[in-house]
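Before any questions on binding or motion, here is one chain by itself as structure tokens, the form predicted alone.
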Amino acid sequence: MIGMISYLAFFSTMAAIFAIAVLGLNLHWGYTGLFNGGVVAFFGAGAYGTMILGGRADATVLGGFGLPFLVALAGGVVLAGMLAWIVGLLTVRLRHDYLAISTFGVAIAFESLTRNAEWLTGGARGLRGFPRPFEAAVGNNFVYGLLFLAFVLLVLVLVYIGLERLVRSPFGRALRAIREDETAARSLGKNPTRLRLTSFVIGSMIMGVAGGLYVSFYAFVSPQDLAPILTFQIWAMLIVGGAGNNRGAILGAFLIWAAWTASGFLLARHAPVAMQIYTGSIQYILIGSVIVGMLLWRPQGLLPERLETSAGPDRTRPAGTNTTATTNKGVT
């Protein structure tokens, strides 16, 4: 019984961490129309920043300052925000596929940096030795798992409430305005570039929060944790749950993480031995199939965005409707 509860706590912790990252992506794509293909770069910045600031000392790498957990986590979030600000200054004027390609290139460059800058990131062997928060006070792995889950869920709730208030504010309405029709928004005195940059930084900092929680949970991070599949997992979570709906983003995170873990378990236990060595590749195909299937069957997701209208109650965005204006491509 304790073993089952421990696994459910582990599963829920990871799903909640990914849900936080999906909420950040939802601010980018669901509300602003920014096609961020480099999620792992900002997730990784939060993870590495937290580890360097809060990890144990290691003579072979820079860092290991052993700062308190919350201070280290805040530092990782700031690092993710700084990276997003630099990247955003160069890319937020791009549209759709151009922005996706450029941000994906940033993710590849960041992964290459972590793999080769051994003096900073430990290279391919990664960084380990993060003092897990609350563990010293608890002294019991089972209770610690439950306590850390409660902390992650608290962070998830705070991020959700903060984003709900943000997207319902005049700032959030301005984001949706530039998403739908940039020309009309500019004619009303809005600055699309500044709004996109602000949204890009905020969403990336939220991804940095997820990265910091991830590394504090595992007490380890390496370039393998920043594989491109993570970006596609998070995108699949948002597409399945519903872009433009924060509740849908959380639902999608839990559903896709459940499908990912269940597929790994079934392949490991019931697939032929010759097939088990391809478990990772099969799971990659699964993620791609989920994305394509949802885009064909229900592109608005399980919990679609609900749009406020002056005529009365909210209405659901019709199936197949693109969440971004399709007339603007290239560079403005």
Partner chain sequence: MIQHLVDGILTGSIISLGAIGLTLIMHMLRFANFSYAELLGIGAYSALVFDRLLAALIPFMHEKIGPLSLTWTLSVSVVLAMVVTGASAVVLDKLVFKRIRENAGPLSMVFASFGVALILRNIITLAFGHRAQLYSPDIAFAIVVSFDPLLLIKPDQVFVLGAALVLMLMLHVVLTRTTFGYSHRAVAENPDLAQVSGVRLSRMVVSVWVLGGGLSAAAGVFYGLTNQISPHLGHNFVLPVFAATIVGGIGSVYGAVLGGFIVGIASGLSLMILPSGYTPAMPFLIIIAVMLLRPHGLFGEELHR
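Numbering follows the first chain given and starts at 1. Remember, it's a predicted structure, so these values are computed and weren't measured experimentally.
As for the form predicted together with the partner chain, it is not shown, yet the points below apply to it.
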Quick check for you: of 71 to 79, 247 to 255, 150 to 158, 105 to 113, which stretch puts a non-hydrogen atom within 4.5 Å of the partner chain in the predicted complex? 105 to 113
Does at least one non-hydrogen atom of Arg93 fall within 4.5 angstroms of the partner chain in the predicted complex? yes
Within a 4.5 Å heavy atom cut-off, is Val292 in contact with the partner chain in the predicted complex? yes
Thr60: touches the partner chain in the predicted complex, heavy atom cutoff 4.5 angstroms: no
Gly66 versus the partner chain, in the predicted complex: is there a non-hydrogen atom within 4.5 Å? no
Exactly one residue in Trp85, Tyr144, Tyr98, Phe171 has a non-hydrogen atom within 4.5 Å of the partner chain in the predicted complex; which is it? Tyr98
Just one of Ile202, Val138, Ile229, Ala177 has a heavy atom within 4.5 angstroms of the partner chain in the predicted complex, so which one? Ile229
Check each residue of 18 to 41 against the partner chain in the predicted complex and list those with a heavy atom within 4.5 Å, in sequence order. Trp29, Gly33, Phe35, Gly37
